[in-house]
Ligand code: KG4
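Starting off, we have a lone chain in the form predicted on its own, written out as structure tokens.
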Amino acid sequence: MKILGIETSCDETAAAVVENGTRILSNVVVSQIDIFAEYGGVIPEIAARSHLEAMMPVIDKALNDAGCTWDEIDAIAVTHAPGLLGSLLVGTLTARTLAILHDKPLYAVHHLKSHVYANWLNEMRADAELIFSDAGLEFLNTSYTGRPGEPPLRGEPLGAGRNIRVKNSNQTFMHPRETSSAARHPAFPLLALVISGGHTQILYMPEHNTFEIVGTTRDDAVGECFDKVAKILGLPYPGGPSIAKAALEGDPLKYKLPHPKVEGLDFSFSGLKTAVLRAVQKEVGVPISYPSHKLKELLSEQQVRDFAASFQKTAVDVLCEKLKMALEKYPDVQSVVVAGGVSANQALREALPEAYFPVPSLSGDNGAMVAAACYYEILSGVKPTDPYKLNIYPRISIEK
């Protein structure tokens, strides 16, 4: 079964063709990061207009890269919730039109569900080649096991026993996992830690396509906290990669930051962000009324690195603590998967060596994860939606 997945929930225009929920035939992503780096965040109206320009070229490239005609596509999957209203409109209207035009079944997929199912994408075309640039990902044909020079990360289910060549690098990576497809997939029941700029949740999944929210953030998402702390420190947007890079040369024990005290499995990150702000103000000797956007002028490079490392360690510790509590509450859990943009964080991957992570290039928004989630919806008996009636939901629970 070949499924075309379309993703436009925020600022990535993405399309992919995935076979049988695991094998990536193509995966094309056009990012708007360069546009929004200047503003320090996503501007919804600009994001929607950028999607309009890129949508059809991205879909055409995905089909061409996969070597597929429309006759070979069995279904179309599109993100319909949650996300930015204008961005969702572009993707869903495109998918609805294509479903009608080519007489294909259409499936509306929840964005967080897609992130979880990125962990089932473990195969790639033998002739696929990665396009990777330190300046950012624009057109992404497939996935990779690490940056050039780095070993593959444990728990990444990508093409067991297969050599992966990275373009413009002499490095070849061999994935160590077993060759059995079942061994490379998470076992049920499982816990999913979904972490991104807009979401921080722990989900309990007793089986495919069944989700129970057992923990969620009460205020900021962890990815949003990374962005805001990066802004305080004068690091570029997006904050996750910027803080991770600065933290490499910082002391994670230099500044002691509090762990938010929230009962149960819920999270809170707004207090951690404020704690960093107050710690920076104290370090440079200014009152709490001093504007946060001017603090970067008073910080040395090493202070920025130390604050980045200390914040990152605290955020990772908080996530791990809650996950440990969840495992104690659900002793029947067989696997833990981590999903969403923050799952690319290397420090978190090292802190959870037994968990399943998507390959870093699939941690962010992409069409392949949408197609994978759709495949398992179909196996679970979900019926296609009427393309004339599909609606979008900027905010809706994964349990709906």
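Bear in mind that the values here come from a model prediction, so they are computed numbers and not experimental data. One rule holds for the numbers: they count along the sequence shown, beginning at 1.
Just so it is clear, the following notes concern the form predicted together with this ligand, a form of the same protein that is not shown.
At the 4.5 Å heavy atom threshold, is Val342 in contact with this ligand in the predicted bound form?
-> Contact with this ligand, yes.
Taking the shortest heavy atom distance, is Phe226 within 4.5 Å of this ligand in the predicted bound form? Flag for Phe226 set to yes.
- prompt: Taking heavy atoms only, is Gly198 within 4.5 angstroms of this ligand in the predicted bound form?
  reply: Yes.
Could you confirm whether Val284 comes within 4.5 Å of this ligand in the predicted bound form, counting heavy atoms only? No, Val284 is distant from the partner.
Under a 4.5 angstroms heavy atom criterion, identify the one residue in Gly86, Pro105, Pro241, Pro252 near this ligand in the predicted bound form. Here the answer is residue option Pro241.
- Item | Among 52-60, 24-32, 329-337, 360-368, the region lying within 4.5 Å of this ligand in the predicted bound form by heavy atom distance | Selected stretch: 360-368.
message = At 4.5 Å, heavy atom to heavy atom, what parts of 291-312 sit next to this ligand in the predicted bound form? List them in sequence order, or say none.
response = Counting only heavy atoms within 4.5 Å of this ligand in the predicted bound form, no residue of 291-312 makes contact.
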